[in-house]
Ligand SMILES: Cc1cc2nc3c(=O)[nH]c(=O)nc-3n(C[C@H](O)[C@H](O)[C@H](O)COP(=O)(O)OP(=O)(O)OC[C@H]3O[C@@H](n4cnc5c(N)ncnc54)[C@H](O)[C@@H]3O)c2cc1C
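Before any questions on binding or motion, here is one chain by itself as structure tokens, the form predicted on its own.
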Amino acid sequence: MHLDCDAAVVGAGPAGSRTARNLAAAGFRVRLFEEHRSVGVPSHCSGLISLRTLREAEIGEEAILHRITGAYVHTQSGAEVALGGGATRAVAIDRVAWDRALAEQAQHAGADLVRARVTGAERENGHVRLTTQTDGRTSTITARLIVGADGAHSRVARSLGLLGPRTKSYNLGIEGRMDVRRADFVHVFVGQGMAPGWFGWIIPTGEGGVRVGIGSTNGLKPVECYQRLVLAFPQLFAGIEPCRMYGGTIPLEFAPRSYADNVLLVGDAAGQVKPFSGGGIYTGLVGARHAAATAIEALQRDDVSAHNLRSYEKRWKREIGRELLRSLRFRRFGLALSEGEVERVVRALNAPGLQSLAERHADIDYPSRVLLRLARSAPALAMLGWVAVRRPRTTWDLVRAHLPFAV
């Protein structure tokens, strides 16, 4: 039977474009579907990444807008700590330029970029049939394998019987202009009264630009969270000039399974997101690397069954699964703290020794590493270490459900 392509990748974000690039570079016929007319538009991301992510993406510094060296952490009750400074810890990027660069890499490798909305998919005679819409016209294409890189509400996952991540944060983002206390520091705001289950942020983007955001996991509207944030910190938000507002959904858990017959999920669709911070660009690129490697082997064997694709989940969890699980534990621990306990933790971080430790080992991709070091160095933070390594039945069940190894 004639098939339109070997692999259909749905979603031209970083994870989808990287998967498409690697598959096309291996000689397979790849179609990369993007529902928007322009890749990267509209952007729904705060665009703060590590230097490690730049290397993983194989993109130079052309998309960098601004360099970040540290962070202020604020509690709703007024405690504050400044962490970092000195070396560059992260960079704010032009997310539209970033997405376009990755999509161009995929096209240069031979992938066909198709601007169409994938509305559904179904298995048929050992392959997959996709239904797409373009300017109101419906059409279908067939492929041996489909890669769902279509976000936290993945249609690919729903259409082909996979469940997406369950816990999600719903966020409001604002791009604008405002004066900030220090242009190389981000601000992080924590407090269940402002951002239930999540947090707020200010990210300087250079030359007076900022990206502000906040979210919630309990159904409180993000705009209400933002109003509470501004009321709690009127001095910091005085004079803000919003230019663009946007919304976004961040998955905060693994999908129950990231593979099935004829399908792989990658990026947000698979829950490959850091639950402690919500960052998903680095983890999505790691997932894409493993998705492409697994898909190449399966296509070469002409066997895209779930049995043959299951190594994908083992591969990506072996590289980043331990960190994501530990970050999930830290997040749950933080949610269990009272406002007073959160304030005591933040005040404890003002100790000079802990500040120096945080500055030396800060890593936005692997936050559990510095949190464990801090826990070993300060009695007030010792509970963090216990949270990261404990093995009660509930956590062990989580390990067995999500990881191919024991922590």
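From a predicted model like this one, the values you see are computed outputs, not experimental measurements. Numbers for residues come from their place in the sequence shown, where the first is 1.
The protein also exists as the form predicted together with the ligand; that form is not presented, and the subsequent description refers to it.
- For the residues 35, 339, 363, 359, the 4.5 Å heavy atom test against the ligand in the predicted complex is passed only by 35.
- The listed set 345, 64, 48, 370 contains one residue whose heavy atoms approach the ligand in the predicted complex to within 4.5 Å, identified as 48.
- The closest non-hydrogen atom of residue 117 lies within 4.5 Å of the ligand in the predicted complex.
- Put simply, residue 278 is close to the ligand in the predicted complex: some heavy atom of it is within 4.5 Å.
- Using a 4.5 angstroms limit between non-hydrogen atoms, residue 258 is distant from the ligand in the predicted complex.
- The closest non-hydrogen atom of residue 185 lies beyond 4.5 Å of the ligand in the predicted complex.
- Residues within 4.5 angstroms of the ligand in the predicted complex, judged by any non-hydrogen atom, belong to 248 to 256 and to none of the other stretches in 223 to 231, 72 to 80, 248 to 256, 316 to 324.
- The partner is not shown here, but in the predicted complex the stretch 1 to 34 reaches within 4.5 angstroms of the ligand through a heavy atom at 10, 11, 12, 13, 14, 15, 16, 33, 34.
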